[in-house]
Ligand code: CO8
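There is one chain below, alone, in structure tokens, taken in the form predicted alone.
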Amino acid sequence: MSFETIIIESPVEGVGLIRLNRPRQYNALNSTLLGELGDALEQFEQDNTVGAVVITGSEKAFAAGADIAEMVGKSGEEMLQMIQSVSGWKAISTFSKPTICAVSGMALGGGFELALQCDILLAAKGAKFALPEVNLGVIPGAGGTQRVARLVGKSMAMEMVMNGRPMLAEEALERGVVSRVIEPEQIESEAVSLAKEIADRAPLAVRAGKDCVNKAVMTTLEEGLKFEQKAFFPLFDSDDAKQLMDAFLNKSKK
């Protein structure tokens, strides 16, 4: 399968890589890119050699937001139909395998919303995150208001949504938006290295862990605990758990 707006690399050691590739538009998200992103993720979903996926952009921009040229003049109903017709907006959040987003430069508006759907977010030093849609007379419409509020709290989320307040990588780390801040020249290799480590873990446990953490940020503690228990006990019947526990005991006896 060939793509116009993204580059995908063949899986290496269980890791697939997707690179957003609209350099002249700073990787602005249009319907073509989002559709191709959905297709690429579906391709990796069906590939049993892939255990994790890295999504990245360029040094200057992960993605500078939605493509305004594609939105100008559209009615609310037309925008709704356009968003619902492309798979990319939901493809990351419904992808069953771990996703790691490596952000350099700008992650603005829809670009930030896309990054927030990934399981782990890494940032290069100097990376900037923002939801500046208010400057265009609209608000984030792909989950930005909900995901940011859960991460940074009500007051900061209000500033970001109502006033477009930017957040640099270092502050994003302090607030738990990203898990690491890395030198720009190393961020992709670090993301791939992390993805390889995760891809090498017991896949049923990894996916169960992913589902439980995602449940934790979307529901109450009580509901999350019930969900965790339902995911926890069946893992003891898996071959991975039996083999890894036996290997641990045998190693400890030596």
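Small disclaimer: the values here were computed from a predicted structure and weren't measured. Note that residue numbering follows the sequence shown and begins at 1.
Beyond the structure shown, there is the form predicted together with octanoyl-coenzyme A, which is absent from this document and is the topic of what follows.
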query	finding
Heavy atom distance at most 4.5 Å to octanoyl-coenzyme A in the model of the complex, all of 28, 113 and 132	yes
Candidate from 181, 83, 120, 161 lying within 4.5 Å of octanoyl-coenzyme A in the model of the complex - any heavy atom	83
The single option of 157, 167, 142, 101 touching octanoyl-coenzyme A in the model of the complex, heavy atom within 4.5 Å	142
Partner proximity in the model of the complex: residue 149 to octanoyl-coenzyme A, non-hydrogen atom cutoff 4.5 Å	no
In the model of the complex, residue 68 touching octanoyl-coenzyme A (heavy atom, 4.5 Å)	yes
In the model of the complex, residue 64 touching octanoyl-coenzyme A (heavy atom, 4.5 Å)	yes
Residue 89 within 4.5 Å of octanoyl-coenzyme A in the model of the complex, heavy atoms	yes
Residue stretch of 149-157, 169-177, 93-101, 68-76 approaching octanoyl-coenzyme A in the model of the complex, non-hydrogen atom distance within 4.5 Å	68-76
Interface residues of 106-123 toward octanoyl-coenzyme A, as seen in the model of the complex [heavy atoms, 4.5 Å]	106, 108, 109, 110, 113
